[in-house]
Each structure stands twice: as structure tokens, then as C-alpha cells.
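Two forms of the same protein chain are encoded below as C-alpha cells; each is given separately, as structure 1 and structure 2.
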Structure 1
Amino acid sequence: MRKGPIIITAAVALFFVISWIIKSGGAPEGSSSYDAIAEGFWLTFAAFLTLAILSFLYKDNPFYKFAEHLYVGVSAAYWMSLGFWTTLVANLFPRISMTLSEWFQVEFISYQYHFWVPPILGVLLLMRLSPKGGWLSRWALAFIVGTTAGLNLPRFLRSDFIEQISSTMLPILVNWQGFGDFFTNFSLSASGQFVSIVSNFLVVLGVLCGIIYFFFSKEHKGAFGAASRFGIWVLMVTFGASFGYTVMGRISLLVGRLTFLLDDWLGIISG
């Protein structure tokens, strides 16, 4: 067996114990020894998991795999427990069984027999684990997929189609009362009439040119081609802004973890 992994593991364990001891001694005054030891452990463990995840930037390693599997396992357990208490205990049991309601100390509402449908479908889904009864899970899956699609279709039709179209139908001349009023109250503020007119005009023009780019029944030449090329620029700016927003969100998470390491753990920077 190679000694390299053993030495690295021993060094990490030693560093963990040293950090644990130091952080346990730096607990706030008035806290008990048990609280100080527990707080020092969790603080050191959080720093270890952060560094273990960041170690993937070097290469895949057992520390990263441990942190990854721990995160996935804890997340799955948390959401499963949350779903059990908020869905089964809070909503299902008070409507199908007085005994279960008393057992979990929740108020019994009333017998509603149609609430037996979800647990039956859930049992049918678990039949997928049976080699012979796996076909029963298809009925439950088909019902869930069909019902979800039917319920979400109007919602997505309104939010992703109707709302977007209505948001594009903007007035070009915002609060227009003539050129005299326009030049008299001319302002470059973000809420001013001039900026609102330019903003609405660019939105409408960008949407129309973006649609023209996807119109392939006519060759993209002349004015039609120029509008298509402008639509490409609009799409690229939109995709770039979306990508930049995503990157900045990830960077904010990185800054949060680095702040934790340098402030809460190492104490190098002040909070």
C-alpha cells in the first residue's frame, strides 16, 4: 500500500484536531465547555468541507468525494424528512386517520376519502422495486405525469407566453403630450420620459428583430438581413447578460465561503 495517501490523510486529520482545539478555546465567555467543544468542532468541520470541495480545482480526490457524498446524502435526508412532516403528517394523516393524527400529535380534521389516492399511487410507484410488479408503477407514473402536465399547462401558458407577449406590447411614446411638453420637461433620469421612450423602443425593436432572425421563409438580405443581424446582437447580449448574472451569483457564493474561511475560521480579516 502506498504511503502517500496515508501521510496526507494523517496530516489532514492532525490539522483538523489542531484547528478543533484552537477554536474550542476561542469560544465566547460564559459558554460551557461542551458548547465550546461542539462549536469548535462544527466550525472546523465546516472549514474542512469547504476546503474539500475547493480541492476539486486541483483534481478529483477522496476528500472531495467525501464532501460531495455527504452533501448529497444530508440534502436527500433533509428533504425527505421535510416532505414527511409537511406532506404526510401535516396534510395527509389528519384527513385519513384519527389514530395517526393522535400518534403524531396533530389535529384531526375530517375523513376525506379522496386523500387515499396519493398514498395508493405512492405504493404503486414503489412497486417498481418488484421484479414482477414493476408494471404497476407505470399507472401511477402516467397519472402523475398527466396530471402535472395538465395543471401546469395553463400556468406556464400565462407566465411564459401571455405575460411575455403583454410585457413586449409597450407604448413607444410614453405619456406623450406633444413636443412642447417633451422638451420642456426633458430629463435624462432613469424614470424620465426620454429614457422610458428609448427603453420601450429598444425592447420592441429587439423583440421584432429577434423574431425576424428565426424567420427562415425569406432570405436574409437587404433590410431584412440587417434586422436579422441586429436580432443576433440582441440575442447575444441577452444570453451574455444571463450568463453574467449566473456567474456573479456563483461568485457571490465563493465570496461567502472565502469570508467564512478568512474571518470565522482563521480570523485574518475583521467581519
Structure 2
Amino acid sequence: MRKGPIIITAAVALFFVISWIIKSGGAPEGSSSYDAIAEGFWLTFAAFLTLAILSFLYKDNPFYKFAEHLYVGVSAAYWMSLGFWTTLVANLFPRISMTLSEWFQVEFISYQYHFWVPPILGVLLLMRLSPKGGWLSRWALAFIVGTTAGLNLPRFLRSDFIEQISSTMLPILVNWQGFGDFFTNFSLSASGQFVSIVSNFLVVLGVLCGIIYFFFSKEHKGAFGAASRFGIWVLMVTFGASFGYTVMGRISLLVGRLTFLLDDWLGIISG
């Protein structure tokens, strides 16, 4: 091993050990010194992990790799444990087995035999791990894919299709009072009749041209092509807008992390 990395690692380690020692000193009154040392450790460790991830911006490095691998391992296990306790222990066991319920100290509800179906399908899924029974796992997959496809078919047809169409059917005049009224009260204000007319018309036109852009089986030529081009323009305005709109949220996430580093860890900001 070269000397450079060792020196850097040692320096970083020293830095965070010092941080640990300093952070362990500021224990709230009434708590034992052991608690303070533990809290100091956790805070320092969190700060280390935060900086390790941020170091990725410069380039891939051992600290990032450490944090990344730790994160993957811990998170996979976290989800597993959570799923086990909240689903199997809380929902399944009290319905299929009195012994298991007692073992995990949850209240037994009653025998509900259809609850045997999911563990059986689950075991079928696990058959993948055996060299011969792999094909059985497809039964479970087929069940999941089939139910969800069937579940989504009418539901998305409703929320993403029919309801969107019905809300596109906008009236051109928001308050229908005849043309005379329209001309006598003509205004260019944002809440005025004229702007709403233009807006409603553009919404309908934009939706139609957007849909035309997504036509796959017709050549985009002539008037059809022009509509499709207008459609893609509207899409691009939207994409730019979404991007510009998002910057804010992303910056605030960064502020959150910096607040952690500057305030919770280094204690620079007060209040």
C-alpha cells in the first residue's frame, strides 16, 4: 500500500476522533457520561457519512465507497426487518398460527384459512433457489403481475384517461354572457375574460397537439406535422418550466444538510 492513502485516512480518522471527544463533552445535565459519549459518537459518525457522500462530487474515493456499501447493507436489512415485524408478525401470524402468535407475543385474532395463500405463493417464489423447482416461482409471479395488470386497467383508464378528457372540455367563454358584454368589458388583466379565453383555448389546443405528437402510425407531415411540432413546443416549454421550478426544492435539500453540518455538528449557527 502506498503511503499517501494511509496518511489521508489517518488524518481523517484523527479529525473525527477529535470531533467525537469534543462532542461527548457537551452532555445535557442529568444524563450519564456514557450517554454523552454515545451521542457524541452518533453525531460525529453521521457527520462523517454526510461528508463522505459529498466527497463523491470531487471524485469516487474510498470514503464514498465505504458509505455507499454501508448504506446498501444497512438499508436492505432495515427494510427486511421492518417488513417482517409490521407485516408477517402483525398481520399474518395472528391469523394463521396460535403458536407463532404466542412466540412473537402478538394477540391471536382468529384462524382465517385464506391467509395461507400468500405464504404458499411466497414459498413458491422461494423455489427459485432450488435448481429444479424454479418454474414454480412463475405461478407466484403470474399471480402478482396478473392481479396488478387487472387492477390498473380500469383504474388508470378512469384517472389518467376519462377524467383528463372530461376536464379538457373547457368552455371558450368562462362566463357566457354574450358577445356584447365581452366587448364592453374587454380587459387584458390576468383574471379578465380575454386572458381566460386565450388560456382555455390554448389548453385545449395544447392537449390536442400534444396528443398528435404521440401518434405513432401516421407520418408527421403537412397540417398534421405542424400540429405535432406545436405539440412538441408545448412539451418543451413545460419541461423547461419543470426544471426551473425544481431548482428551489433541490437547493433546500442542500440547505438542510448544511444546517446539519454547520449547526448540529459544528455549532456555528445558533437558534
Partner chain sequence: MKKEIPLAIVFVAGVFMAVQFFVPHAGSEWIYEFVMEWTIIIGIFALALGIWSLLRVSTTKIKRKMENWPYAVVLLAGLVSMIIFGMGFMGGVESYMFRHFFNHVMIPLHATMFSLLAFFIASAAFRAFKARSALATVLLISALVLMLRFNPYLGPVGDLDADLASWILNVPNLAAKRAIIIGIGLGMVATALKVILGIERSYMGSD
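Computed from a prediction, not measured in an experiment: that's the story for all the values here. Rigid core (definition): largest C-alpha set, two forms, superposition within 1.5 Å. Residue 1 is the first residue of structure 1, and the numbers go on in sequence order from there.
- The form predicted on its own is structure 1, not structure 2.
- Once the rigid core is overlaid between structures 1 and 2, residue 154 counts among the residues whose Cα shifts by 2 Å or more.
- Comparing the forms between structures 1 and 2, the C-alpha position of residue 38 differs by less than 2 angstroms, with the core used for superposition.
- Residue 48: CA moves less than 2 Å between structures 1 and 2 after rigid-core fitting.
- Per-residue C-alpha deviation between structures 1 and 2, core superposed: residue 215, 6.4 Å.
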